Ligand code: ADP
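Before any questions on how it binds or moves, here is one chain, the form predicted alone, in structure tokens.
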């Protein structure tokens, strides 16, 4: 039995017109003799009546009450409604279909309500249904504890559902459908010359996703990568193949790919830089990070020296961070309205001069670098948020990413679970 997992986001299923495109993708997979597991998100975004945020607005629990269990029961309803609606429409098209909740599909989680982690997938019921139906529609974003409590998976939960089911079922491919063409070399709302990445590695897409690219959740990529199940990110509204994600670009010799140092650029805004002055207080370095951890504040972009600690936090928690540090008698300075740009590419490993090109490009635009860091496949720079458009476009041009895919003439190959991944 050859299985394809297809995940459709909220905008893809929010209206009957949009769901016609969804049904057409499912039909094409069936015509290729595939069994299809369809994972769906809640229908649309607020103020759509069945969107998750709309459902949350129906209740007003007291902050003093621990109601996360009940909230998960409510939040899971959006995906359940979506799965039944799509099943009804598929049956009307003469397609043998049934619907399952995340729990019935075998998604087992811990009991961290509203942000549960999948601990195992038990796909026996799902496989049974696939033996008697062409399509099984699964409510995404949800699972259940071993005792049967309904849980939700937090941000990116439907992507995670699709990836987990794809791995458990040894699927031929996991397809993530969205309202954009696929993974781009940069955010096209900022970089007008951004190009579609026709093929990209798990590693590079993970880094791009963690650093701000929002088309697919990085946890879903990590899950697929562990078992080397290929992913494809594509548009609900076209038949174009989108972006193919696998272990290595060498798996696709028929695709004309220019050698590239940088695969793409991602960015994050609304960041505040915090400088903690230590003077002769090196022994108190650990107190800074302990204070942030105890407050549940995530820190990033960390530089430590004997005289100061520099790091960044999201702007909305910066006032809390500063207050807590000053209560510990630290002297603190902040730089608000910052943005983080990430240059991502496995091709930069061991290649000299990449950082120099980034620094020179920004200097030529009179853009100050407030902070920087690097790893073997990523270089990060912190700049003023007001310069984000100018910086992203200049860097994108410097590394020729607007030209990288001009010679792509062939579509990525049809994947196979048994191929040399």
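Everything quoted here is computed from the prediction, not taken from an experiment. Positions refer to the first chain, counted from 1.
Just so you know, the form predicted in complex with adenosine-5'-diphosphate (ADP) exists too; it's not on screen, but the next bit is about it.
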- Counting only heavy atoms and a 4.5 Å cutoff, which of 176-184, 162-170, 336-344, 140-148 contacts adenosine-5'-diphosphate (ADP) in the model of the complex? 176-184
- Query: Of 249, 322, 215, 271, which residue is found within 4.5 angstroms of adenosine-5'-diphosphate (ADP) in the model of the complex when only non-hydrogen atoms are counted?
  - Reply: 215
- Note on the structure: With the partner omitted here, the residue among 279, 128, 189, 329 that in the model of the complex has a heavy atom within 4.5 Å of adenosine-5'-diphosphate (ADP) is 189
- Task: Using the partner position in the model of the complex, report whether residue 69 sits within 4.5 Å of adenosine-5'-diphosphate (ADP), counting heavy atoms only.
- Result: no
- 4.5 Å heavy atom contact, residue 45 to adenosine-5'-diphosphate (ADP) in the model of the complex: yes
- Using a 4.5 Å cut-off on heavy atoms, what residues in 335-351 are near adenosine-5'-diphosphate (ADP) in the model of the complex? none
